[in-house]
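Presented below, as structure tokens, is a lone chain in the form predicted on its own.
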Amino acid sequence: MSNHTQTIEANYKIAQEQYAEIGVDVNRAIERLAGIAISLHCWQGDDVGGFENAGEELGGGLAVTGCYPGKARTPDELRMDLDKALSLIPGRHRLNLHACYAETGEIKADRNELEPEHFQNWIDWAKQNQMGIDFNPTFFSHPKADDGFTLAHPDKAIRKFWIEHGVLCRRIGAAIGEALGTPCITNVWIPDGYKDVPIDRTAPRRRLAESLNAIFAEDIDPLYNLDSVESKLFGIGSESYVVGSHEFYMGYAIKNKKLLCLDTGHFHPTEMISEKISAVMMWLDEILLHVSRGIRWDSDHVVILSDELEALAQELVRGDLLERVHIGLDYFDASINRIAAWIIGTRCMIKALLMALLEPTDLLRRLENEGDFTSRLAMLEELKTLPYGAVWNYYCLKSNVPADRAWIDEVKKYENDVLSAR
């Protein structure tokens, strides 16, 4: 046993004792943490490029900045990069896959012609890694989305094309879920909106509702596929009006029993998504949480261990919502090593969950119910200096992934050995 390992285990024992003094079972917290899967977004590895034959520009109110070397150019390279990232993240997780990552071979398949077979390599890879896959129709980077409208398009023929895409994606999601033995969450997000102030805000939303009804008309076993809808406040080219607003999709999800996706980068900079969770969970059985980091009007920075990330995790634990909230990541940064971006964001999400699981929730709730707000505040502040980092390092050690900063050296070596040759 190395000195470093001995230090981690010794620090863990000390942390165990300190947390036990306030009634926290650290081993139980780790067990619960190990059962939480984070859905890693495939598009961080190649700047939302995808591998379909169309090869269109990104568009759709999305933009990736940076040109760090080593971007994945093929599906195999992307899967290899994901393997590397997953090897440095504790726990067993999931993959979040977009439809534009289809592998159609030499025969071109448009978005309304996709089949489960075009994702068989991803399914096989997920089986080897014993992980589930979540799925997303791709309503951008396509000639029929050039004007910024898809499911709410005034042209019925274009709406029909995108409805067909959505229908097929649900079937693909179901095939993925059945093959992997865990439900696939198929999440609908569209870029539809206006750059400047519109005259008619109602008609596009009526068209969107009709299109969604058509997409969801087919009954699919929830054991295989779960439907989700995702809102956004604005996009590049849709600064003044987005058809699929939070209010629109919240109403639609409640009425039609769909999952509501809350993306932490899709709201006004002053809105805290952590404050919305308990409200929407009053009316919905389950939700999807896409964790990003908005800075001013850019929504997709790498997730860090911020106050808001901690608050998100606290809401899930304090509200006993871990079984009802599905957690995925959604950001794309090409200004730094892309594999490091995956690792930083995922490890931070897991750290935030660990910190929340190490809270003496029952004690804090009792103090609150008794009206002892002084003790509640004092205890919350004292928790901030308890050694959660010692527990984190131990969890990494037992998960056979590097603790502390050691993973950075692994990524740098992979960059030198693999990425630099691309």
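The first residue of the shown sequence is 1; numbering continues from there. Here the structure is a predicted model, which means the values were calculated and not measured.
Beyond the structure shown, there is the form predicted in complex with a small molecule, which is absent from this document and is the topic of what follows.
Chemist: Check whether His118 has any heavy atom within 4.5 Å of a heavy atom of the small molecule in the model of the complex, and answer yes or no.
Modeler: Although the small molecule is absent here, His118 would stay clear of it in the model of the complex, with no heavy atoms inside 4.5 Å.
Chemist: Would Phe332 sit within 4.5 Å of the small molecule in the model of the complex, counting heavy atoms only?
Modeler: So Phe332 counts as contacting the small molecule.
Chemist: When the contact criterion is heavy atoms within 4.5 Å, does Trp189 count as touching the small molecule in the model of the complex?
Modeler: Trp189: yes, in contact with the small molecule in the model of the complex.
Chemist: Is the gap between Tyr394 and the small molecule in the model of the complex 4.5 Å or less for some heavy atom pair?
Modeler: Tyr394: no, not in contact with the small molecule in the model of the complex.
Chemist: Suppose contact means a heavy atom within 4.5 Å; in the model of the complex, does that hold for all of His98, Lys232 and Asp263 with the small molecule?
Modeler: Per the other structure, all of His98, Lys232 and Asp263 touch the small molecule.
Chemist: Since the chain is shown here on its own, which stretch among 146 to 154, 305 to 313, 210 to 218, 224 to 232 would lie within 4.5 Å of the small molecule in the model of the complex, judged by heavy atoms?
Modeler: Stretch with heavy atoms near the partner: 224 to 232.
Chemist: Sort through Leu62, Ala34, Leu367, Leu383 and report the residue having a heavy atom within 4.5 Å of the small molecule in the model of the complex.
Modeler: Filtering the options by heavy-atom distance leaves Leu62.
Chemist: Go through Tyr249, Trp162, Trp122, Phe140 and name the one with a heavy atom inside 4.5 Å of the small molecule in the model of the complex.
Modeler: Exactly one listed residue reaches within 4.5 Å, namely Phe140.
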